[in-house]
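Heads up, the chain below is alone and in the form predicted alone; it's given as structure tokens.
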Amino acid sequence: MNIWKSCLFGAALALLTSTASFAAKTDLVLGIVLEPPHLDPTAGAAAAIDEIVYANIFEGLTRIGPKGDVLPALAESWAQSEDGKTYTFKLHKDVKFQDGTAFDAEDVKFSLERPRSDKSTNAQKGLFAAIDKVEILDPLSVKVTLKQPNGDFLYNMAWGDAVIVAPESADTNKDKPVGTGPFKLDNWAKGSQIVITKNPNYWGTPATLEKATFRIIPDPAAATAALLAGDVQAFPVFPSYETIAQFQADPRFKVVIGSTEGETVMGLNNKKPPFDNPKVRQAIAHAIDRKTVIDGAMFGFGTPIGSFFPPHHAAYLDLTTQTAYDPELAKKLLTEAGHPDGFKTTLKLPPPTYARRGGEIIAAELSEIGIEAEIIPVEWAQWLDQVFKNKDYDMTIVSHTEPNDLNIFSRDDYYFNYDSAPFKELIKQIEATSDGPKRTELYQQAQKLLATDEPAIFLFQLPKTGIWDSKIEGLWENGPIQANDLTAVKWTD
């Protein structure tokens, strides 16, 4: 009898242990390389912000799906006028922000007008430039009238910079983000981790995960160790390219190599001599062997690009041969530009592996044509302040992971300091055109112009090197937008 009772107790204990183990699988620890400067996507350019909050804490009228398509979000539907200038959005009902305040058309009007004000700190004001006026038709209906038709409008409204925020909490979203999404901020231990938990009052399909912890691990070796030890169960963008083969051979993990919108470039300060001379920029382009950079910095992961456009896009043109590696031509162009002996310059490099390792390779290649580039490592916050905001730099390396962002080269205040009337005109035509073939033609004209002017050196398309526990489902294979969307993520048995 005692043996039978012991067996029953043992079975019950095993069941409880199994149940507890299964319950624990509603938590997930993800590794990220960069810590965001804050958590308000409407007030900062850092991709690391959206990697935490996009679709998780904040939502927009529309959203980008895992395949790059535009999907409904807070707007359940919309109608477009025949002239293409007016959009009427029907909003979901019974939606609340995570602090309990109600979401309605007033919040949409506020969120679309706020980034257009002079006081706005939105990093992507151009997304809202086409808007003429925003009208509230009723608490759940909003009419947006554009100055002219804009083929990218619904896509633009899906960016993290265009999420809907409430007037009551907008000013404190940097440290205390309040959105309408399926997760809410639980804790941020600066320099260590950011924890989000399930929003019990979410208006839509609830998340399966109860908690997600974003652990900040900038060091590639530490990232490898954390995954192998199980301290981190997923690294959506794994930084240690040299150890990927090790994980591919380990059945405990899934290794998913996808594409991103991340054009990796060596940015040049176009208003600062000698970079104001197109021949100098072209010389630099011909002095760099993209394959060597990809092999040395990325261990072969990455696709060479010759302009600022993703290779997976239907309108992509392969223009890499136009600035192919040719040191002799580079020296000739430098001589024609008045620098036969080269010159001294600086190269500011932010923390990511592609920048630090790639910068060393590029500096060595530039020295072969007489350009002496002093490498200056900077932290991410320094890069944002010195390079992106104040344009205090000569050269830099960074990946631009925003989707559909060709138009950044048309902005007068952008850190490249590139000013081209023909390019600006092309962007205006693209934005005003919804016809597919015509847009493709314009996109290709813009790519050719950039490949000739070389306002930046176009290096490679950043891959999405995802590694996670083999029992995890729902993480994105590709990166059509800089996001770790956890809304459909779950553990399997």
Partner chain sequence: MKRTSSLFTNRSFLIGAVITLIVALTAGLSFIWTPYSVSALDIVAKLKPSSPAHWMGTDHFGRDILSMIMVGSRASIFVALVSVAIGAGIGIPLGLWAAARGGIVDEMLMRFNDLVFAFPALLSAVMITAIFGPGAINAIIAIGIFNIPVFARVARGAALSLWVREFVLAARAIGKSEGRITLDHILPNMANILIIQGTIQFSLGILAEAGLSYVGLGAQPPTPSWGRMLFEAQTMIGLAPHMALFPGLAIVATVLGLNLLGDGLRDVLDPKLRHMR
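Source: prediction; values computed, not measured. Residue numbers count along the first chain shown, from 1.
The next section is about a form of this same protein that is not shown, the form predicted in complex with its partner chain.
Contact annotation for Pro403: none of its heavy atoms lies within 4.5 Å of its partner chain in the predicted bound form. Residue contact with its partner chain in the predicted bound form: Tyr393 places no heavy atom within 4.5 Å of it.
Interface membership of Glu360, defined by any non-hydrogen atom within 4.5 Å of its partner chain in the predicted bound form, is confirmed. When its partner chain is considered in the predicted bound form, Trp78 lies well away from it, no heavy atom lying within 4.5 Å. Between 332-340, 218-226, 144-152, 256-264, the stretch whose residues reach within 4.5 angstroms of its partner chain in the predicted bound form through a non-hydrogen atom is 218-226.
A heavy atom within 4.5 Å of its partner chain in the predicted bound form is found for one listed residue only; from Ser420, Thr292, Thr101, Thr172, this is Thr292. Screening Pro327, Gly84, Pro278, Gly296 for any heavy atom within 4.5 Å of its partner chain in the predicted bound form leaves a single hit, Gly296. Contacts between stretch 235-264 and its partner chain, counted in the predicted bound form as any heavy atom lying within 4.5 Å, involve Ser240, Glu242, Thr243, listed in sequence order.
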